[in-house]
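Just the one chain here, laid out as structure tokens, in the form predicted alone.
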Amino acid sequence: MNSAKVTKASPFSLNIDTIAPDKSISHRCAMFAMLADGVSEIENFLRAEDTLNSLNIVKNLGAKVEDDGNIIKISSEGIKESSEILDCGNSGTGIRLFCGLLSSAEGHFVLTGDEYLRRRPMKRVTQPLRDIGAKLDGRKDGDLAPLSIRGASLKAFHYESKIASAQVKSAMILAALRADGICTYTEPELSRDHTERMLKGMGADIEVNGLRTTIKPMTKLLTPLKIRVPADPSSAFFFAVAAAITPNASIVLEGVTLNVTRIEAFRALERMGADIRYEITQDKYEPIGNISVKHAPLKAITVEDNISWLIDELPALSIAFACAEGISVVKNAEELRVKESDRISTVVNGLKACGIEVEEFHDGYSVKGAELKEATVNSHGDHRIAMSFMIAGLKCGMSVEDVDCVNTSFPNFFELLSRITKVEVK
């Protein structure tokens, strides 16, 4: 369990073209290649613990994987039963999407993860899959990993989700591709849409009409992926906040996906007063481009809409709240309770340790902006909490405990942070 100490930063101006590749898209590249006829070629795949676990799982499921250090090539002749336990590490995306992918595959499969993942609720995925015929079980009646899946024939469905979750939606779309008829999935608000975009780009018959997605079963294997994974806006956002809260600072974040469902946190930071600009440079599977951020005085805002679009960025956004004038409020974010940690409690407790006045609600919290004070904060094994409070340290200095988890999503985070200020990892 390593710890990190961050020193208060001076003004900086940086261009960064090495933000970690997108985690969500990298997971999906590994999985979706299993559905293709031919060799998928993936450039700039995220080589972090969680995504490498997904890559290892597809190997165990029979895929041939070649990696020359630049491009990963994946070819598959169908999903094969594995004698190995399939370890998803810390990834909720990994385990939940594999549930959908494997529910109709011939064979028996066991999915598990690290101690934190084994505490996270899975019934939001396992129950709707069971309802359409999946033979899926686990601890606490299928709510906790390890999860056991025995591939089965799946029924067509018309599912109305009560939560906006890209993980649930993606699992059900993957199941629908092998169901016995046309399926529909409806959600209360639009969640991140990488699965629909990528599968449609591969030739899947998927139509999105507002909040409803219609999926026809595959009649043949899909076209292989030929993709360069863009930089992850969730990772880039830590450095956007760094620039926004540091006087006379500016940063350009290059090659980031500008998918509207992925940049809501940047829009929130704009509403707070930060000077942010976007430049699209290409648009195939995803719109990709550059994001420029300059420091400006920040003011408090309320965040209550499109929560699923910025759920991962809320811990970092909360650091901006702490530096803003007024009281910022987060509502409708109960989903934070079931992330890698209970992120409502970990954010609240961390900010309180830094001398910030915070009030906790069942579905969010309020933050009264003030001067951040140096403190010691425990990440509770949550990579986004660890990185958020290291960014807070740019204002006042900070010690963060349990930072090994950063490697699950952003292996070069410390290297980039050290371009801004002094960082000691013990």
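Residue numbers here begin at 1 and follow the sequence given. Being a predicted model, the structure only gives us computed values, none of them experimental.
Not pictured, yet referred to below: the form predicted together with shikimate-3-phosphate (S3P).
- Contact between S409 and shikimate-3-phosphate (S3P) in the predicted complex is not found at the 4.5 Å heavy atom cutoff.
- Though the partner is left out of this view, E286 does not reach within 4.5 Å of shikimate-3-phosphate (S3P) in the predicted complex, counting heavy atoms only.
- The shortest heavy atom separation between T93 and shikimate-3-phosphate (S3P) in the predicted complex is within 4.5 Å.
- I132 falls outside the set of residues with a heavy atom inside 4.5 Å of shikimate-3-phosphate (S3P) in the predicted complex.
- Residue-level contacts in the predicted complex: of A166, A145, I149, A268, one residue has a heavy atom within 4.5 Å of shikimate-3-phosphate (S3P), and it is A166.
- R124 is the sole member of R228, R124, K216, K200 with a non-hydrogen atom lying within 4.5 angstroms of shikimate-3-phosphate (S3P) in the predicted complex.
- None of 386-394, 24-32, 39-47, 54-62 except one has non-hydrogen atoms within 4.5 angstroms of shikimate-3-phosphate (S3P) in the predicted complex; the exception is 24-32.
- Looking at 319-339, the residues that come within 4.5 Å of shikimate-3-phosphate (S3P) in the predicted complex, counting any heavy atom, are E335, K339.
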